[in-house]
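Single chain ahead, written as structure tokens, the form predicted on its own.
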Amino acid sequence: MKAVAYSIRPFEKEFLAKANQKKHDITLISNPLNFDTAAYAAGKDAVIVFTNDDLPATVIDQLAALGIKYIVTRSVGIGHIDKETATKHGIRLSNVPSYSPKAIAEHAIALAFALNRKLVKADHNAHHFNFRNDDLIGFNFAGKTVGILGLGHTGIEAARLFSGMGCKVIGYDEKVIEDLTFVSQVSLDNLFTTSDVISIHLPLTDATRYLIRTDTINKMKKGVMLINTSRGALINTADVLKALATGAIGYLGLDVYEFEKGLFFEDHENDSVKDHLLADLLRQDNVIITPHQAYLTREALQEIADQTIKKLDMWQQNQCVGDACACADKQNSTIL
């Protein structure tokens, strides 16, 4: 099968090459897919994309006119693809429904640790030969109540890690998860009101968009630690910024940002105009923001590459990709 892979970072090439084993003719380009770059798909059967690629109806129409039959995204999320237009053209869609939940869970823990023990500030001070520790007091995680929002693959892994540190772990999910001995499943309100730390592991849907907003923040313990490694728009950023100013939120760790599209994955250091909301967040010394890197381990990258190539293999053999099917006429449930 002939394919073109958009938004390829240099570090991805070795993993895709290892997964592909020269089975498919894949052109790797660094450009993101948009209306201006869709022409690179001419003569191909499939396009391989990422979350920062833009596939509205106009781009899908262009791809269909070029003869594209398949689109696979190297991500769990599929919100960047107009599924209805693709299905109208008979283009088959696939995602990577789950990969290395341990990587994302471990990053959530890393954010929590770094915030609690003020590691960024301590490191900054040390680099300036300031070894005072007056403002570096943290707390013990052991004995604290940690609320896990979403008990899919990554949520369960995060719960397991927090539990191993002696935390009391509670969790909320829209469905009851059986045999979770290290998590007490509670109502959403109970989780909000009793958690010292809240770690978010939910997909972005109409029901979960802006789940964290002023009225839900007001239910939380004053000074709560909030960690989000899932989707930026689960949080109303403006409301969270106000809560940081009042002390309602005491710590904020983000690997995703509500308005990250066109911003994350690129170097914007020399931009004359910066995203003002993000700049305001970054000025807070109780905030850590990482650039959507929770998935970025060698193990996760190889798994993403393996699953991506597997979709091409199956399509070439005229097989259904099963749970990874993301077409509009099939219910696609994302389990984070």
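Quick note: we count residues from 1 along the sequence shown, nothing fancier. These figures come from a predicted structure and were not determined experimentally.
The following text describes the form predicted together with a small molecule, which does not appear among the structures shown.
- Contact check for N228: every heavy atom lies farther than 4.5 Å from the small molecule in the predicted bound form.
- Residue contact with the small molecule in the predicted bound form: Y70 places no heavy atom within 4.5 Å of it.
- Of the heavy atoms in V76, some are within 4.5 Å of the small molecule in the predicted bound form.
- Using a 4.5 angstroms limit between non-hydrogen atoms, F192 is distant from the small molecule in the predicted bound form.
- Only one of Y99, Y251, Y172, F162 comes within 4.5 Å of the small molecule in the predicted bound form through a heavy atom, and that residue is Y99.
- Partner contact region in the predicted bound form: 44-52, out of 268-276, 22-30, 44-52, 60-68, criterion any non-hydrogen atom within 4.5 Å of the small molecule.
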